[in-house]
Structure formats: C-alpha cells, structure tokens
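Here's a solo chain for you in structure tokens, the form predicted alone.
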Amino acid sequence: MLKLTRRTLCGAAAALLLYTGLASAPARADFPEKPVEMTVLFGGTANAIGQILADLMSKNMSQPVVAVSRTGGGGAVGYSHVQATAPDGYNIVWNSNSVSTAHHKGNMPFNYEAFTPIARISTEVPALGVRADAGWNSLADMVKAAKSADKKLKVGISGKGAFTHLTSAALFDALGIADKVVYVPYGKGKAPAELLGGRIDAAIQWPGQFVSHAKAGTLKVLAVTSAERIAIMPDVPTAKEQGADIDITMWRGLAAPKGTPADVVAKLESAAKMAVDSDAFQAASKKIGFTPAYMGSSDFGTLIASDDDRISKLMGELGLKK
C-alpha cells in the first residue's frame, strides 16, 4: 500500500500547479507582435511608393508597418542601420539596385549578401530631363551643344555613387561626351527645382518628378534609359532609339537582415504581395509613374545577385568602382 507523506503530497501539489499553469498559459503570439519598421533610403518617388506600400502592408498584418526615412550615402546610411539590427523581421529596408552601387562605390563594407530578400515590388525607368528653354529636342541636340560649349554640362545626381550617377555616367559615356560632364549632387533639392533654378543643365531622375513640369512646358524629357518606351511618357523616345546603346532600369523591393527566420520572411512576403496586387497600389503606379513588378523571395534573390555582378562590371568600366 502506497504511503502518502506530507512531503509527497506537497510535491504532487506543486507538480499539478506547474502542469495546469503550463496548460493554461497562452501560446507565444505569432509574428509580428509589435510594429515593423521599414527604412526608406531616398526621398521623391522612392519615399512616395514606400509610404504607400507600408500603409497597404499594414492592412494585411496584425501590426502596422511604419516607414522611416534614413537617407544619405547613396543608400548606405539606411542599409547600415538595418544591417546592424537583430534578424527578427522588425527592421526591414525598402531596397533597390542601390545596395550594389553603394557597396561598389565604397560607401559601405558589406554587400547584398548581408540581407535576406523578401520580395521585389516595382520597377522604375530613369528619365533625362532638361529645361524647356535650353532649346534641345533630342539627345543629339544636347550632345552638339555640349561638344561646342567652353564649359562642361552640369548634371544633377542624387549623390556620388548613387544609381542616378551610374545611369548618367553610362548614358553620357555611350553618347561620347563623358569628358564634357560634371556631376552636381542635389543636396536637399529635387531635380525639377534644380533645373528650373538654373543650378544644373540636365538631370536623370524618375519620370514622376518630371511629368507635371513637362505637361506645363517648363521642362522637357529627352529620353528614358529602358529598352522600350514607358506608359507614363509614351512620346519620349528611349536612349537606344537615339543611338545610345544602354538599357538600365531600377527595381525596388524589401529585404531584412541576413538570418531572419524563413517563416517571418514568408509573412512579410505575403503581405507585400497582397499590397502589390491591390487596386490602390495599381492606381498609384499610374499616377506616380512606376510599374508594379512583384517577385517572390527566392527569385528576387537570384535577380539581386545577377544585377550586382552587372553593376560591378559597369561601374568598373566607367571608373566609378572603388
């Protein structure tokens, strides 16, 4: 016969309390348990699209996605911040080809491999804008003026080593006037304001910055750098149509610090896809001038690696690589 001592009863009671406590404890909440912070690297259309994306992703998650601006260094400031955070999904970056240009320019010691890709969201095509009163109606007109002028053509860029710098250098090299150009960072200004203020002669930026000014007749867009014309500016010829053999397009997407758990990445990826597929995002793309181009994590990672190799070679050829 089992003899129950006071010690045995106390031990049994304690064990029962522990068991029932564990059984009734709530399960750990699924990701996200708190707001997710999305670092935005640039202003202009990058910021506009990022804000829209964050708002739409918030509708598909249990916690909000908050867009926070961290600009500078051609994207290096924002990338460095996110790369240094814990790989738990609560800090992500609204990334782009700039992850490669910033690295190969020497602005940051790590490359795209420091991040886990979440999804590609959109693509944008750089456009070359000039003042309408410059009298240039084509790239040929601009080239002729640059070659005959005593001073160099002042071209605005987002920053040295930025994607707009790379695109500009590639275009002017293809046009044979690389030695006739000097690059001027905008600082806190934007391309249209810098052009209209006469501080620069030309600028490669995103179409959304130029559309209203082009319609008003104050600025003229001479070319886009993609292989085909773009919907928001169907009458603007490509650089390739005008003899400059280039095809450059920017992608934008989301990434998290390397080591972020696969299930967390999957939840962010799903929320991103629902945002891109939404009517609101599709409508915004027509208004701002970008192309929704969702791509899942795995394929996006392959694209980034391939693009990095291409950018590295191009920057080396143009003398922009550190």
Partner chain sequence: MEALLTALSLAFSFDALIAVFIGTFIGLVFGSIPGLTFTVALALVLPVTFALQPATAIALLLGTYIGGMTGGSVSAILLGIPGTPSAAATVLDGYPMTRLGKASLALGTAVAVSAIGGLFSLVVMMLSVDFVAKMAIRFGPAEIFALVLFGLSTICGLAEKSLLRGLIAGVIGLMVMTIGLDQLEGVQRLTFGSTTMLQGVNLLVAMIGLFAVPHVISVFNTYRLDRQTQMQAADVKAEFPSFKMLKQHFGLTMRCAALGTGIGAIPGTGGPIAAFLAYDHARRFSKRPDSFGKGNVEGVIAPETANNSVTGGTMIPLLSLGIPGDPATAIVLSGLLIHGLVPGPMLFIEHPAQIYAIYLAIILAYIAVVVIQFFGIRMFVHVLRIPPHLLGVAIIVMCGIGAFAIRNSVFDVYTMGIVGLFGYIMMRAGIPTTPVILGLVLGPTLEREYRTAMTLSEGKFDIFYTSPAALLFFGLALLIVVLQSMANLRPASEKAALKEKPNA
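Positions refer to the first chain, counted from 1. In this text, the rigid core denotes the largest set of C-alpha atoms whose superposition between the two forms falls within 1.5 Å. All of these numbers come straight from a predicted model, not from anything done at the bench.
Below, we refer to the form predicted in complex with its partner chain, which is not included among the displayed structures.
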Please determine whether Asp173 contacts its partner chain in the predicted bound form, using a 4.5 Å cut-off between heavy atoms. no
Its partner chain contact at Lys267 in the predicted bound form, heavy atom, 4.5 Å: no
Find out whether any non-hydrogen atom of Gly296 is located within 4.5 angstroms of its partner chain in the predicted bound form, and reply yes or no. no
Closest heavy atom of Lys152 to its partner chain in the predicted bound form, within 4.5 Å or not? yes
On the criterion of a non-hydrogen atom at 4.5 angstroms or closer, are Gly44, Gly73 and Ile200 all touching its partner chain in the predicted bound form? yes
Choose from 88 to 96, 113 to 121, 214 to 222, 247 to 255 the stretch whose residues reach within 4.5 Å of its partner chain in the predicted bound form, heavy atoms counted. 214 to 222
Which one, Ala84, Ala140, Ala193, Ala178, lies within 4.5 Å of its partner chain in the predicted bound form by heavy atoms? Ala193
Quick one: of Gly135, Pro109, Pro237, Gly243, which gets a non-hydrogen atom within 4.5 angstroms of its partner chain in the predicted bound form? Pro109
Contacts with its partner chain in the predicted bound form - residues in 34 to 54 whose heavy atoms fall within 4.5 Å: Gly44, Asn47, Ala48, Gln51, Ile52
Asn107 C-alpha relocation of at least 2 Å between this form and the one not shown, rigid core basis: no
Please determine whether the C-alpha atom of Val77 is displaced by 2 Å or more between this form and the one not shown following superposition on the rigid core. no
